[in-house]
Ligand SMILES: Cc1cc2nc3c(=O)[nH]c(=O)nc-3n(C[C@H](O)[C@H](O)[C@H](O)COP(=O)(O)OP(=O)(O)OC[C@H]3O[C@@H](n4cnc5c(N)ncnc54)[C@H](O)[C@@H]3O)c2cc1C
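Coming up is one lone chain in structure tokens, specifically the form predicted alone.
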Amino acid sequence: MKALIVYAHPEPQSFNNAMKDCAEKTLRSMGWEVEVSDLYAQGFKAVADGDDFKDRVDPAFLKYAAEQAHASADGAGFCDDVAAEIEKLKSADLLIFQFPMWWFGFPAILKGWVDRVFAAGTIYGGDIGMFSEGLFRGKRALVSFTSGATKQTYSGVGLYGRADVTLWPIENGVLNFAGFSVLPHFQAEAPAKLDDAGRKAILENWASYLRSIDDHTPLEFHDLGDFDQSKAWTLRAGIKGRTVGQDGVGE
């Protein structure tokens, strides 16, 4: 089994780095092969642009998804850093995003990784499929993040609202979209406000989570067949919404 940890933090002494190291060590002890994409250390380019392609369909006007599809069909059309990350992603049985929650989402460098690596024609689009029929069906992914606030603040009665709502664009719009079975997220709450014992306890809990990874039930999303493509991909009649952002019953 192979895991890919995509790690995004600019400080090598950060708690996020400790979490990345903990995940790598724990998974390796379980017999996993682990690759790490340390985006800041790699100097990964966050901006999606025309330089991502060795050959352009239209050098005069950039349609990024169309150029991704062309590069995918060409087989060797992506620039070297994108091509390398695509191969890491496609070979992984488990994908872990490790990052600090900044402004209720990814750090820019990690969003750029998704923009550039989840490429049209390679990861989605055409006959590849999406959601429950996506390329990565049968594989798993999870979000691990640090927050400046507690889980109580990220709750239905908290100032920041529920964490699953905050993570919806990532867990549904990126991971579930590509077909992954999405495991429950792991939140390291306010490590900067804890003493050494408190931070050690988080790492122990994170290692325990990973050691029991086969026991975690994936998040529940609708099957693609629950939606009617002819009606703008809305729920079919009689099917009740059961995921974040889907309320009521299809009509």
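Position 1 is the first residue in the sequence shown; the rest follow in order. As the structure is a prediction and not an experimental result, all values here were calculated from the model.
What comes next is about the form predicted together with this ligand, which is not displayed.
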Exercise. This ligand in the predicted bound form: within 4.5 Å of a heavy atom of each of Pro100, Tyr154 and Pro191?
Worked result: yes
Exercise. Can you pick the one in Leu203, Ala48, Val34, Leu183 that has a heavy atom within 4.5 Å of this ligand in the predicted bound form?
Worked result: Leu203
For this session: May I ask you to check whether Ser14 falls inside a 4.5 Å heavy atom distance of this ligand in the predicted bound form?
Result: yes
For this session: Examine Arg56 and determine whether its closest non-hydrogen atom to this ligand in the predicted bound form is within 4.5 angstroms.
Result: no
For this session: Answer with yes or no whether Ala18 is in contact with this ligand in the predicted bound form, where contact means some heavy atom within 4.5 Å.
Result: yes
Exercise. Is the gap between Asn172 and this ligand in the predicted bound form 4.5 Å or less for some heavy atom pair?
Worked result: no
Exercise. Which of these stretches, 135-143, 86-94, 112-120, 154-162, has heavy atoms within 4.5 Å of this ligand in the predicted bound form?
Worked result: 154-162
Seminar exercise, completed: Those residues of 144-159 with a non-hydrogen atom no more than 4.5 Å from this ligand in the predicted bound form are Thr146, Ser147, Gly148, Ala149, Tyr154
